[in-house]
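Before any questions on binding or motion, here is one chain by itself as structure tokens, the form predicted alone.
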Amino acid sequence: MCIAGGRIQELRGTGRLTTGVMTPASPTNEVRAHEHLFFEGDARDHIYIVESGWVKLYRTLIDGQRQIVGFANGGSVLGVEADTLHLNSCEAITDVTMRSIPASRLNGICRSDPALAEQVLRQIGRQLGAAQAQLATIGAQSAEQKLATFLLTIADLCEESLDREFDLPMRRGDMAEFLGLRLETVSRKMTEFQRRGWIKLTSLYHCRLLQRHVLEHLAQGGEADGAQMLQTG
């Protein structure tokens, strides 16, 4: 369970993967919102690197319900969580640009390009760290703490603008599933955060952090009442 992202600079517009081992290339592919990159149980024959956009990872439970286990944006490496079959399904929640690398050729590519191998390993490490952090907090944090942590993480991955605005592309129901909360709780807390002047929802899918330090206090284990006292004018 994680929120993943980052930047693998070597894959962004340099043509690095279009030379040597991978001629004529791992071209960029466009995936439209709500289309799938892969499904749970599919053969894991490709590794996917997201260049832009957002995807969600989910699993189908025994009772047929879906459980969202992660979100990922540009820089994320997908398809490394299993050996032969994908453990999760991956659905685009916005339009996505990505590259696919045949899994059978990844070892050769990394051997021929140690710098690229280092970048990929570093990104996988970041994703593993995010998953471990999520597991450590999902059961212990309050609803306010979970939501504050989530908003800060998304803002950081979106590289929030100078006025602290960022896209929040996932639906409230997806947020609730991921955070282990009820949809009504997420909607109520988002409204409460806005009423208290901590955030501003400029649209359903766009958010501005007005009091980032208050959300940081919550994310670090603080309580909502104490966070309110930190608010500045």
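Keep in mind it's a predicted model, so treat the numbers as computed, not measured. What we label the rigid core is the largest C-alpha set whose atoms superpose within 1.5 Å from one form to the other. Quick note: we count residues from 1 along the sequence shown, nothing fancier.
The form predicted in complex with the DNA is left out here; the points below concern that form.
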Would you point out which of 169 to 177, 35 to 43, 49 to 57, 66 to 74 contains residues with a non-hydrogen atom within 4.5 Å of the DNA in the model of the complex?
169 to 177
Which of these residues, 164, 206, 196, 182, gets a heavy atom within 4.5 Å of the DNA in the model of the complex?
182
The DNA contact at residue 158 in the model of the complex, heavy atom, 4.5 Å:
no
Interface membership of residue 191, the DNA in the model of the complex, 4.5 Å heavy atom rule:
yes
Residue 109: heavy atom within 4.5 Å of the DNA in the model of the complex?
no
4.5 Å heavy atom contact, residue 97 and the DNA in the model of the complex
no
C-alpha of residue 187: shift of 2 angstroms or more between the shown form and the other one, rigid core aligned?
no
Residue shift check between the shown form and the other one, rigid core fit, residue 66 Cα at least 2 Å
yes
